[in-house]
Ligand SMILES: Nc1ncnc2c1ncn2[C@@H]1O[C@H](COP(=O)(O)OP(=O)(O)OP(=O)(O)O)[C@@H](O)[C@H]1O
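As structure tokens, one chain now follows by itself in the form predicted on its own.
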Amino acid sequence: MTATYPLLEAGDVLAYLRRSGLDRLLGDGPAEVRDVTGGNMNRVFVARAGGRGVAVKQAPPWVQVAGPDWPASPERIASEARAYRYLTDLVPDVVPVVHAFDAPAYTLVMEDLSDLRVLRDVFVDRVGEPGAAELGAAVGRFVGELTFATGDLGLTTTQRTELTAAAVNPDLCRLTLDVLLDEPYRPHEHNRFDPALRPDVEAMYANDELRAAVAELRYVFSTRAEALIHGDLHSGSVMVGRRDGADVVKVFDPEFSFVGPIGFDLGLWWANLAIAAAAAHAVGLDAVGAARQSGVAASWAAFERVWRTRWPSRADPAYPDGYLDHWLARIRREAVGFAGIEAVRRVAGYSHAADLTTLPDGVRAATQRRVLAAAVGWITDPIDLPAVGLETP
């Protein structure tokens, strides 16, 4: 497969910025460009000069980590740009500034976040931990504001219909259905897991109750067009740090964005916090683990606070005040189920969590086994917020 538009390499970025008139965003003096491509999907470069910089992100017509053998529509970056347009108005402090979207080149030019760190890397290093409550609140507010503003209660029926049609993202929705909601529950060439977990994984394959519950969540993901969602909200999609003496949280990479179930983003986020907590407990950092786990409840509280605050302004008054509690309870149940889906993927699917894979040999398999068992419980009995009790090794 070949691209029908020029693909940027590091040596092309400065010329691209000059052609686009975006070199004005750099400072004076010699400029440097670094290739910081770190995810699976896209190419990312950072250009800096005179202490000022920008990030340049381009979607190739394939999954970047796999190359042309794994085609994927570059239109995914249009989905990302669309999500940022909403988010910039709703939570400008929690998303990067977008300077330009070049649709023909499938390229975004955004704020340089290289002074911040990817949250998963911070979790793995177990140093410089962000405040869990503040972090959870920021992400919960992100999800709450986005989903209320773009759902049936924030938009008119016409607006919602137009957004749903515009935000279709079939390639990446298909990828989610395959990698999260199908392959991990049966033998598949994409699945990877610690050999010590083979009995646990094979038991999962044979668990009919689990397979039925996964099928229900797959149906929810495929059919519940409730609001615009991030679609891939994990600890690798959040950056943290400090600026001007204050904690900073930035959520990025909403390329999987589409109009889907509200509980999905919350569930992915909760699973990643619970996994990070389990990893900390496994190495005896119980206070760190408890702090990380507290981010789950903090994010739900912030999400719920947004919805309760915005509810009086709902676009459709046919929903009575008493319906809100029912609505929130359903979202919470589905979020717990999706947390289980994400946790299974991170242990026994295609893409694992470095929080777990970097654990010492003596505790790694046991921790993954406990996460997997907890995840199965979240899927089959989605009652409580995710927690993995690993106080004892």
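Residue numbers here begin at 1 and follow the sequence given. What you see is a predicted model; the values in this text were computed from it and never measured.
One more form of this protein should be noted, the form predicted together with the ligand, which is absent from this view; the next part is about it.
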With the ligand left out of view, choose which of 178, 202, 111, 286 has a non-hydrogen atom within 4.5 angstroms of it in the predicted complex.
111
Just one of 210, 105, 239, 155 has a heavy atom within 4.5 angstroms of the ligand in the predicted complex, so which one?
239
Quick check on residue 40: any heavy atom within 4.5 Å of the ligand in the predicted complex?
yes
Would residue 145 show up as a contact with the ligand in the predicted complex if we use heavy atoms at 4.5 Å?
no
Just to confirm, residue 98 within 4.5 Å of the ligand in the predicted complex by heavy atoms?
no
I'd like to check something about residue 118: if you look in the predicted complex, is any of its heavy atoms closer than or equal to 4.5 Å to a heavy atom of the ligand?
yes
Counting only non-hydrogen atoms, choose the one of 364-372, 22-30, 50-58, 330-338 that falls within 4.5 Å of the ligand in the predicted complex.
50-58
46, 232 and 255 all contacting the ligand in the predicted complex, non-hydrogen atom within 4.5 Å
yes
